[in-house]
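Below, in structure tokens: the form predicted on its own, a single chain.
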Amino acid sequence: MIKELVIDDFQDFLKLGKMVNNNFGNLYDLDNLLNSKADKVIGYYENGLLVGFIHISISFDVVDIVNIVVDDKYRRKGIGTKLLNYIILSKDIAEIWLEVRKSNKSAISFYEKNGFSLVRVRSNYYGDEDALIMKRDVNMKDVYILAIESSCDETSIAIIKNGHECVQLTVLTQMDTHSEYGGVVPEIASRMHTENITMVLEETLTKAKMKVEDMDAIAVTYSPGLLGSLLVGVEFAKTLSFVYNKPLIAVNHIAGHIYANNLEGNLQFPLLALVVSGGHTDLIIMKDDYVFEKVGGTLDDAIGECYDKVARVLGLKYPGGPNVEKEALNGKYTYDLPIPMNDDSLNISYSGLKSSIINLVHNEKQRGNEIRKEDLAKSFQEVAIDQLVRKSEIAIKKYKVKNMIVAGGVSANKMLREKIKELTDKYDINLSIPSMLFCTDNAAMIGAAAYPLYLRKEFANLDLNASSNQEIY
């Protein structure tokens, strides 16, 4: 977590500084520092411990770096770069200046990698040693990312500005085609992506009144998903990257669902992410951008997969989730279903619940009894969502988070949104759930997830390949 230090934090500030320089305390007048309108100290925390900070002095749109300190045990983890990026993104600045000892080769290398260049040399600035004066011009231009999503049965392309603003989004769904088969047919999906993707690109650019040349990078979902569908998007993105000489950014589909929450706000760390989709049901702790720790999740079926199978048993059309939810609105909780994983763990299971419904429907039909679809849908949904809420509450208590997000296609479920809102209100937790537009598969979320990678210059090579099951943790 990154935050500006307040008065209660400055003992930790001095302690960390003295670990690097025994004379550190004599270099600072804390009263002046605390009362200064120009000086700011931004700290980097891990597990509540201050492990790094940057001290800056601000004069209009110019920033001087006074000091950057990172605990030796936490070096080479990108903390210094994250602190620099925090300053760049949070302040309306044009230039950053600093001075560094000529002999400090590692620091000079670090600054050069982060865009600083030598301006001049101050002879004997440190007594008998020269100082290098370095400067970075902050590029204030907006960053536009063209994002491509084709992991399943939606062909989607979006233009995202600065990781937060959706300039244009196009989603061409294959739902009507696959509904005839009761689910997605991989071969048909990949063929339709191939037929549609150029048309989707043209529509997106036309409506945005932009060209590929206007983009700063090309982002694409490379995993997880249907391999044939992913390959269409990946090869298309690689072609655009090569032809237009744009950086290529590989984005994990699940990271995309998580970062969809940045399209209407800002992820606040540390946070608990409940990821619920057709292929995932996970509880993830994030302490910073792209730091994922899975702390719980399904041992078998994902909740979205379970919804689809229950829909099939009930004779409802694909996609199962929205149709089961619609049926449940008119039902009552009358069927006695087992409560899965009713324990204190963060494990989740849907296989037993699914099997019990299949057996119940089979037995009722054998007896000649009519299945009340709306009641069974209601009973299933109550039990399925209750499990997510129970496990989320256990995670909230265990990890003491104050921020929570819900991500993935199932986050569109109204009952889930209501129950999670009740839970987070109970514990006074900040909750973020994307609007319906950004819940299901779409390219806007891929562009949002690509932006932090763009800032860190984590680009993919043209030998990037699709993967059907690459996880983020």
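One rule holds for the numbers: they count along the sequence shown, beginning at 1. This one's a predicted model, so the numbers in the text were calculated from it and none came from an experiment.
One more form of this protein exists, namely the form predicted together with a small molecule; it is left out here, but the text below deals with it.
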Inset, instruction - Counting only non-hydrogen atoms, choose the one of 31-39, 64-72, 45-53, 411-419 that falls within 4.5 Å of the small molecule in the predicted bound form. - result: 411-419
Inset, instruction - Would you check, heavy atoms only and a 4.5 Å threshold, whether D301 touches the small molecule in the predicted bound form? - result: no
Legend entry - Proximity of G183 to the small molecule in the predicted bound form, heavy atoms at 4.5 Å: no
Legend entry - Non-hydrogen atom contact H257 with the small molecule in the predicted bound form at 4.5 angstroms: yes
Legend entry - Contact flag, G228 vs the small molecule in the predicted bound form, heavy atom cut 4.5 Å: no
Inset, instruction - Could you tell me which one of P270, G296, G163, G278 places a heavy atom within 4.5 Å of the small molecule in the predicted bound form? - result: G278
Inset, instruction - Only one of E327, D288, D282, D308 comes within 4.5 Å of the small molecule in the predicted bound form by heavy atoms, so just point that one out. - result: D308
